[in-house]
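So this first bit is one chain, no partners, the form predicted on its own, shown in structure tokens.
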Amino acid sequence: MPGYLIKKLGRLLLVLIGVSLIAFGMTHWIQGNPAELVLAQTGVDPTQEEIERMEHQLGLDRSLPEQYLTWIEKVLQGDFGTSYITGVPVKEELAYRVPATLKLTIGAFLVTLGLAVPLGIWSAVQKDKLPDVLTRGAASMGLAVPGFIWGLLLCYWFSVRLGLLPMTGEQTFARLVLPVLTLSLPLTSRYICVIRGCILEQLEEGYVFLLRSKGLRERTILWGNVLKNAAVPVVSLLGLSLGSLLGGSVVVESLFSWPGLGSYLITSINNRDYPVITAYVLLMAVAFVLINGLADLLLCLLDPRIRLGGGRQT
């Protein structure tokens, strides 16, 4: 187990280093001059001399390796730089918007589990019967329709036509419902299919036939053995799902004008605000790596084969 954890931590560290290099490099490939955009905020058409002076002030006149080393040194000290546009430290801007994104992500994740787990189990138990057919049909439709289309449909019906839920306004519970459903619907459909498939696969295993031969009831076998073994591939998907929720929130926040990290990222990309963009990408990478690390630890607890395999490879 210690050897397995050390190997995983080493890989995660390499991933973060790679992500920081890619994020910094790709950000600086975005077309447009940030210095010119910053000066344009004053409403005056900047001259070439003013642009060069602003580039020097922002450190953009140095080589990319020099800029990266300066940036990563500050990041390791908890300093993500200052926004080119607002002049506010990026750390403060992100801290202000993180709670809004967390509300959206955690809410969507809880809704996904609350719907997908019982529906996936029910669909597997009712295999090829009407409930299974209806559930699979709904899940297929959920996977086929893009998330932003669901968002537009939900807005039209529940906000425009029925007037039940607001699209904009303060961060109330009612305001949270539509973006949470938009994020969770495609993911719920995927989880239903995965959970159903895992349970059906376990029901075909030899140990299930052995337990049946001993006279155990189907319900006892399902809840006592099958679900625990079927949870292993589902847990491995949890980390990726949370990462996709964080990434998918960019589109949903823009669609619903939700004041989170995603909408802030779109504004920063339009303004070529390099410090904000690189800080966002790095923050998402750290969150993704930590979530997947926790999912791996949970897998070790659920499946001893992973834990023992990790120990032998040290």
Partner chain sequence: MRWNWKMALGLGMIGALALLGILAPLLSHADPAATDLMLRLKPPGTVGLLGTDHLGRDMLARVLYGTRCSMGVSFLILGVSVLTGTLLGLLSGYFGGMADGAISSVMEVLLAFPGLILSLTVVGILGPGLWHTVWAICLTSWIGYARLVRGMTLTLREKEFVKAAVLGGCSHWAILGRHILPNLLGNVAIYAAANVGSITAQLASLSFLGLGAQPPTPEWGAMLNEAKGFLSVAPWMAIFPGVALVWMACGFHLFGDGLAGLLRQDPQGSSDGKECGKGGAFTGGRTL
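The term rigid core refers to the maximal set of C-alpha atoms that superpose within 1.5 Å between the two forms. All figures in this text were calculated on a predicted structure; none of them were measured in a lab. Positions refer to the first chain, counted from 1.
Beyond the structure shown, there is the form predicted together with its partner chain, which is absent from this document and is the topic of what follows.
- Using a 4.5 Å cut-off to its partner chain in the predicted bound form, each of 146, 186 and 205 places a heavy atom inside that distance.
- Though the partner is left out of this view, residue 73 does not reach within 4.5 Å of its partner chain in the predicted bound form, counting heavy atoms only.
- Proximity of residue 140 to its partner chain in the predicted bound form: non-hydrogen atoms within 4.5 Å are present.
- Remark: residue 201 counts among the residues lining its partner chain in the predicted bound form, judged by a heavy atom distance of 4.5 Å or less.
- Among heavy atoms of residue 260, none comes within 4.5 Å of its partner chain in the predicted bound form.
- Put simply, of 85, 155, 177, 119 only one has a heavy atom within 4.5 Å of its partner chain in the predicted bound form, and it is 155.
- Residues of just one listed stretch (75 to 83, 236 to 244, 106 to 114, 92 to 100) have heavy atoms within 4.5 Å of its partner chain in the predicted bound form: 236 to 244.
- Within 4.5 angstroms of its partner chain in the predicted bound form, the stretch 251 to 287 places a non-hydrogen atom from each of 251, 254, 255, 265, 266, 269, 270, 272, 274, 277, 280, 281, 284, 285, taken in sequence order.
- With the core superposed, residue 71 shows a C-alpha displacement of at least 2 Å between this form and the one not shown.
- The Cα position of residue 20 differs by 2 Å or more between this form and the one not shown after fitting on the rigid core.
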